[in-house]
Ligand code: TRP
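Only one chain comes next, encoded as structure tokens, the form predicted on its own.
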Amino acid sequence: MVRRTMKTKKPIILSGIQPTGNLHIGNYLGAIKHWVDLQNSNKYNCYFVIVDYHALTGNQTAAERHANSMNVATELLAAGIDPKKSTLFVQSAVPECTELAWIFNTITPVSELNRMTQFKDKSEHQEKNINAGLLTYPILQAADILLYHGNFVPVGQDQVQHVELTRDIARWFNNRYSSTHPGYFPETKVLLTEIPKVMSLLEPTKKMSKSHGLNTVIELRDEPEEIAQKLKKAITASAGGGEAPGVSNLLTLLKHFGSKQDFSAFLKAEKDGSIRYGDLKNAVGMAITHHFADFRKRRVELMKKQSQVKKIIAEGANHARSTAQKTMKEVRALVGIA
């Protein structure tokens, strides 16, 4: 495969996703759709990484983690990530990120890590496995970004705190070590995206997540019948008798996957009390089915060509590692361990 040579100095974007199973519509609206748009804008040098080192902090088996990494790579390609325009790779294929993370460990105050809200959230989801990696997770994330001198990270509001820490780490490193190379690491900025909050189908006050059960999410690979069955069970009633979060969630999905006419009609019906929830669920199901028809077809084709997928992510890793090795050679010299 011929890679596109990045000759011009474009701002560098890096974003990652954990390999935790099949991609769902929350992943798509929250990240992947924006990745594809940024890639296709031709304004950025894009690195998209499957963060399997980060996934080690969770509860998957080794076999599950490996299979999920390949599956996510396949689905990202099916969703529109183009290896001729972007660098797609698996994190562990570029081990320099863990070396840089260790160096960042030595300049990051523990008090800053204790402030991270996601550590508290993740700890609640796996009370029997609150490991040190959950605490230092943001440092490895900073290494992922700064290893490639990332200028921007596309995130939603819930990830801003981690990018702010990345910016702090860059500043701490520069102040301590880069007097001969002022501003060696860029102070990465947030590329804030308006991410719609996609909620669980069965618990619409909680964010859509596979950790709440497969019936609570719609996966991109789901066939029309599966989508329809999941939506039939979607909660629309409100426990308190007020605004129903489940209805709001379905309207959000229709807004992003359906036509403007359908969305306007159901929004009006919801406001005047004439809405029929069965009709709304059918409309949402048809819209999602149609939107991901090409994805499902491409995914089936790529699942038959796993050697091609492996080749793409291997070439992506080689491209990423050439940059990573240059960065680490310079960093080692700056900190005095070359």
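The numbering used is simple: start at 1 and walk along the sequence shown. If you're wondering where the values come from, they're calculated on a predicted model, not measured in any experiment.
Absent from the display: the form predicted together with ligand TRP. The rest refers to it.
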> Exactly one of F89, F173, Y137, F266 has a non-hydrogen atom within 4.5 Å of ligand TRP in the predicted complex; which residue is it?
Replying inline: Y137
>> Which residue, I145, I218, I169, L250, is the contact with ligand TRP in the predicted complex, using a 4.5 Å heavy atom cutoff?
In response: I145
> Tell me which of 106-114, 77-85, 177-185, 148-156 has residues with heavy atoms within 4.5 angstroms of ligand TRP in the predicted complex?
Replying inline: 148-156
> If you check in the predicted complex, do V51, H54 and Q118 all have a non-hydrogen atom within 4.5 Å of ligand TRP?
Replying inline: yes
> Wondering, does I25 line up within 4.5 Å of ligand TRP in the predicted complex on heavy atoms?
Replying inline: no
>> So, L14 and ligand TRP: in the predicted complex, are they within 4.5 Å at any heavy atom pair?
In response: yes
> Applying a 4.5 Å heavy atom distance criterion, does S200 contact ligand TRP in the predicted complex?
Replying inline: no
> Is N71 close to ligand TRP in the predicted complex, meaning a heavy atom pair under 4.5 Å apart or at it?
Replying inline: no
